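In structure tokens, the next block holds one chain alone, the form predicted on its own.
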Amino acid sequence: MTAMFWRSPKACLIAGAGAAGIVLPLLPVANLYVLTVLILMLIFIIYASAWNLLTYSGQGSLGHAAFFGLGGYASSLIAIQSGLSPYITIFAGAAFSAFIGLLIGLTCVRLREWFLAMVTFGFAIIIQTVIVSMLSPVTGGWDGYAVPKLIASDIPYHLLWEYYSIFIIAILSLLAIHLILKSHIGLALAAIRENELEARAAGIDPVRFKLLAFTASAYIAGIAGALEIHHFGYITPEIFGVELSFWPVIYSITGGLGTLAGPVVGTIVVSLLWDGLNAAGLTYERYIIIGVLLILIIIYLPRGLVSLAERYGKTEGGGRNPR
């Protein structure tokens, strides 16, 4: 069984991605810019995976930047007031994000599909307005404020150490999602996604499990938001921007909705294409190119880029002797 697993394209993809993640920062080409791109890529892998977790229960969100930003604001304020290391406060900030997610979920998790998505979209706009206006004495309004960095810039190889620490957090986040999906919770979420009425008839409480998925997704999104602001060392209300709510959607659809590898593959491919086009001088044209790519994937690869590996595996398996 183990040997068969490691022969599969999916296993090779996972092993290759893990090995590349460890080796890439050590290559001669890994300058400060490359390391920064890799760090942001890891952060958005965590963020996109958090958003994708919702799709397992048939839910959607167009305002996940609210939880991304709340995690950042809560973590930074706790770090400033308490003097604790950001490596501690990011999880406290994520817990605050999950708490708000729980409150939102209690009021609107019964909504179906894109009705819930529109509620989260509105919430992201509301929370940004509150941060800018009512809480401006604390948050600095649109100007924002400086926050402690993950690792101080005067520490030798600080960016490299930061990369590997975020890499470990990303692996742990993906592992946590994997364990959730392989447990009875994951089975319940899948049943709800396929047919909520039949799931209810089988004794599964859709509200309870949807709320659990929503809260877990908000928590992991909060971790990603906290990591980003502690990486940059600054935070502004732009962290709640509409584009930050749509990036995880784009990454997940490109890679493959409802799959663990989908957000990872989608984030890597789109990020490399995005930065590559920008380096080539296609600043505005890249929006069109990414849009066209997304349309083509939706039409010809509705299950995302990860379905190519599955197709390859089936083709390869079909050519083998069944003995």
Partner chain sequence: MDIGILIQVVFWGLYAGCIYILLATGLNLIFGVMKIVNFAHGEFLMLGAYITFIFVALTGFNPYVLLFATMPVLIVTGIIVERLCFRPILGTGKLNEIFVSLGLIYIFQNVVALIWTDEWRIIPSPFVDVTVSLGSLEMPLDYLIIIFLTIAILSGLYVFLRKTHLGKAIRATSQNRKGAMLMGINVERMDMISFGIGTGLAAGAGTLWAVSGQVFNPYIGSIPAIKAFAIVILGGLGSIPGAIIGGLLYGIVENMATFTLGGAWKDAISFVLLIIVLIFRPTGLFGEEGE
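Keep in mind that this is a model prediction, so the values were computed, not measured. Numbering follows the first chain given and starts at 1.
Below: the form predicted together with the partner chain, not depicted.
The shortest heavy atom separation between Tyr219 and the partner chain in the predicted bound form exceeds 4.5 Å. Taking the partner from the other structure, the partner chain in the predicted bound form has a heavy atom within 4.5 Å of a heavy atom of Trp51. Looking at Val34, you'd find every heavy atom of it more than 4.5 angstroms from the partner chain in the predicted bound form. Among residues of the shown chain, Asp143 is not one whose heavy atoms approach the partner chain to within 4.5 Å in the predicted bound form.
Here the chain stands by itself, but in the predicted bound form one stretch of 35-43, 259-267, 63-71, 293-301, 293-301, has heavy atoms within 4.5 Å of the partner chain.
For the three residues Leu111, Phe115 and Met118, a heavy atom within 4.5 Å of the partner chain turns up in the predicted bound form in every case.
Residue Val249 is the only one of Val249, Leu159, Ala170, Val147 with a heavy atom lying within 4.5 Å of the partner chain in the predicted bound form. Checking Leu211, Ile100, Leu77, Ile125 against the partner chain in the predicted bound form, a heavy atom within 4.5 Å turns up for just one residue: Ile125. For the partner-free chain shown, Tyr284, Glu285, Tyr287 of 266-287 come within 4.5 angstroms of the partner chain in the predicted bound form, judged by any non-hydrogen atom.
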